[in-house]
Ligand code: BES
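Listed next as C-alpha cells is one chain, alone, in the form predicted alone.
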C-alpha cells in the first residue's frame, strides 16, 4: 500500500473518506460537530461513527475514530485506529482515504506516524492464497492512504517509512505461519531464507541433512529423523561484526509441523501445528525489517527447522541425544521437541560472540494457561537485557511478562542418566523449558520468549490482527533493535 504525508487540514481536503481520530470528549471541528448530537460520539477508545458531510466539510464522508483520553494516548491506540480506518475504507470499496488527528498528541511525530503506518498496513492484511472463486468485492484492496498533518513533516515521513518496513516484516511472518505444513517443509523454509537473502541483501547459509550429520547437529537430526521431509539449519546474517557495532543473535524455533512424534498429540491439539514455526517466522520477518531499516548493527538470524512425525525411524521416549554442544539430553516426551532443536541453535549462536541472544518459540502450552493470548512469557539470564526487551514490548504493543529462572528450576531438568532431561514435569512447565534452553547459551546475555499463546489466533483480539498467524515478535524485536541502534 502507498502511504503518503500531506500538509494541510483534513476536513478541507476533498476525498471520499476522511478519518478523523479524536480524543475522548475533545471538541470536534464545527463542520462535523453540527452533524451530530452530543451523545453520538464520545471518542472512547476504538469507538467509530461514520457521518456524511452534507456540504459542511469537503470530504463526502467522515469516519470518527476514538482514541480514548488524551493523557493516556499511546502508539498502540494509533495502531488500532489506523487499522479501523483502512478496514472501513475496504468495506466501502474505496481505493483511497485520508486520515488526520483532532487535537495535540503527546507522542513524538515520528513515533505517531510509525504506529499509524503499522496499523494501516496490518489492518489491511488478508491471507487468501488458497481461496478460489473470490468475488471482485472480496478481492478488493485499498491502495492509498494519506496522512494529513500540519507540522513535523520530515520526522513523520521517516516514521511512515519505518512503520511500513516493520509491517512488511510482520506480514511476511504471517504468511509463513499461515502456509500449510505440507507446503512449508523444512526444505521450503530454507528456500524462503535464500529468497529473502537475495532480495534483502543478507548472507544466507542453509545446512542440509548431510551437513548436519557431518557437523554434529544431534538435536535437529533427532527431531527430524521420523519425517520424510529432512531437516535444515538456517543462518541469515545482516551486517558485519566490528568495533562499536553490536552483534545480536536471533534464534527462532522452526518446527514446520509438530504431530508430537511418538508422544502423539490428541487430534484437537494438532490442527494448528503448522504454526509451531512461529518463532522462526518472527526471525525471518525481523531480519527483513532490519535490512529495510538499514540499522547499523550486526544481526544473525538462526532457525533450526524440522518436522516432528511418528514413524519407524522417529526418535523415542528414553532415547539419549548428543546435542551440538556435546551435552546429552534424555528424551522423556517427544512432544517437547522444540527445545531440543533450539539447543543446537542456541549453542551455534555462541560462535558469533554476541552481545545478546534473543530466542523466540512456540514452546509450551503452559504459557497459555499462565498468560493467555495477551502477553509473551519471558525468561532471561540478564536483567539488563530483560528490561530492554520489556520496554520494547510496551512500546511495540507486544507485551512481555517476566518469569524467574532460579536455581531450583534448573535442578528440575537435571537427568539421572544424561546431562539434562527434556521435560521437568507439569509444575512450572514454561519456566523449566526456559531453564533447559539457558544451558546452551554460555555466558552470553540471553532472553527466551515463549510465544505459544500469541503466535496464532482463531479470532484476533485487536483491529490490526488477523485470523491465523499473528507475526508476533517482529515488532518487538524491531523496536528493541531500533533502540539499540540509536
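Quick caveat: nothing in here was measured; it's all calculated off a predicted structure. Positions refer to the first chain, counted from 1.
This protein has a second form, the form predicted together with the ligand, left out of what is shown; the following refers to that one.
Exercise. Heavy atoms within 4.5 Å of the ligand in the model of the complex: which of the stretches 171-179, 328-336, 371-379, 410-418 has them?
Worked result: Stretch with heavy atoms near the partner: 328-336.
Exercise. Does residue 98 make contact with the ligand in the model of the complex, using a 4.5 Å heavy atom cut-off?
Worked result: Taking the distances in the model of the complex, the answer for residue 98 is no, it never comes within 4.5 Å of the ligand.
For this session: Report yes if any heavy atom of residue 363 sits within 4.5 Å of a heavy atom of the ligand in the model of the complex; otherwise report no.
Result: Answer yes; at least one heavy atom of residue 363 falls within 4.5 Å of the ligand in the model of the complex.
Exercise. If you check in the model of the complex, is residue 63 within 4.5 Å of the ligand, heavy atoms only?
Worked result: Because no heavy atom of residue 63 falls inside 4.5 Å of the ligand in the model of the complex, the answer is no.
Exercise. Does any heavy atom of residue 423 come within 4.5 Å of a heavy atom of the ligand in the model of the complex?
Worked result: Residue 423: contacts the ligand in the model of the complex.
Exercise. Using a 4.5 Å cut on heavy atoms, which of 398, 258, 121, 192 is close to the ligand in the model of the complex?
Worked result: By the 4.5 Å heavy-atom cutoff, the listed residue in contact is 258.
Exercise. Can you pick the one in 107, 293, 187, 273 that has a heavy atom within 4.5 Å of the ligand in the model of the complex?
Worked result: Answer to the contact question: 273.
Exercise. Three residues, 391, 405 and 448; all within 4.5 Å of the ligand in the model of the complex via heavy atoms?
Worked result: The answer is no: none of the three residues contacts the partner (heavy atom, 4.5 Å cut-off).
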